[in-house]
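A single chain, nothing else alongside it, follows as structure tokens in the form predicted alone.
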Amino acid sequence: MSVLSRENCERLFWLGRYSERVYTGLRDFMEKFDAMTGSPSAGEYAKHFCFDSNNPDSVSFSLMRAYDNAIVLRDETGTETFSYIQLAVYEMKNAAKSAAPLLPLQKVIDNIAAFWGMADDRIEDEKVRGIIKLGKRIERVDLYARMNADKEDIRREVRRLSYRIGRAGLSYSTEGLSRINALAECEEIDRAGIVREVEALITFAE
């Protein structure tokens, strides 16, 4: 297992988070966009949510942040793994120019999934893999809580996070993790509390 700098640990973590943000954001968008087919607001919604690279809440913004981290981490992830982030960027640009963006956007989703698969298959360093996966799991819990996902979906992702977090080799709050698990098991899930706790879970030592 290699020794990673604090900066690269953070980059790997945010690569995991931003790639998950793209994946889940696009899946949610495509469900809503499909329901809006024929509506005059559909195109404006797509432009704002998917393609406005100046909007920090857009999919395009998150994808470019994933790319910014991935390009610096090519030595850690390998060129073949990195190439799927490049392909996702290429398909996002195609979608932005298309009158029928759903097919290239599906290809963005597919390339993000392929990136995760290649990371599992090709990255030998367990810590590198573990940090990417941890970022992904933290982001999914965060997004599901914010997006009013089904309670059982949130609980499943909290369990996955609890399993993953100790395997990444990063410092984290055990008390915070316990609070997240407790909040997720309440009859009425405290979604804002989960977001607050999950955002404070990881500490990067100076």
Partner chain sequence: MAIPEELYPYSGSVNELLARYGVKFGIYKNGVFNEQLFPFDIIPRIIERREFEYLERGLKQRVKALNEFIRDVYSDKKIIADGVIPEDFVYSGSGWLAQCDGVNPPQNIYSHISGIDLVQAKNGEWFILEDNLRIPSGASYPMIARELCRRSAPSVFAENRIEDNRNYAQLLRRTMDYVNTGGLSVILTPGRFNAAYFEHSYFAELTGARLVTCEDLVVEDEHLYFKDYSGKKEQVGAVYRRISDEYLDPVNFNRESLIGVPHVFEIYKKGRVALLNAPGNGAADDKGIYYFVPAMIRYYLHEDPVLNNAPTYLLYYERDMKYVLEHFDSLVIKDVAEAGGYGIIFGDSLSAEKKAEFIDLLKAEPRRFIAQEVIDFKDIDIFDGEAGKRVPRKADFRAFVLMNDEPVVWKSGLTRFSRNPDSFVVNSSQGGGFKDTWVMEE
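Worth saying up front: this structure is predicted, and the values here are computed from it rather than measured. Positions refer to the first chain, counted from 1.
Another form, the form predicted in complex with the partner chain, is not on view; read the next lines as being about it.
Interface stretch in the predicted bound form with the partner chain - options 151-159, 138-146, 39-47, 62-70, non-hydrogen atom within 4.5 Å: Selected range: 62-70.
L201: touches the partner chain in the predicted bound form, heavy atom cutoff 4.5 angstroms: Residue-level check for L201: no, no contact with the partner chain.
In the predicted bound form, L87 touching the partner chain (heavy atom, 4.5 Å): Result yes; L87 sits at the interface with the partner chain in the predicted bound form.
G117 within 4.5 Å of the partner chain in the predicted bound form, heavy atoms: Outside the cut-off, so no.
Partner proximity in the predicted bound form: D110 to the partner chain, non-hydrogen atom cutoff 4.5 Å: No, D110 sits far enough from the partner chain in the predicted bound form that none of its heavy atoms falls within 4.5 Å.
Residues of stretch 73-106 in contact with the partner chain in the predicted bound form (4.5 Å, non-hydrogen atom): Going through 73-106 in order - heavy atoms within 4.5 Å of the partner chain in the predicted bound form - the hits are R74, D75, E76, G78, T79, E80, F82, S83, Y84, Q86, L87, Y90.
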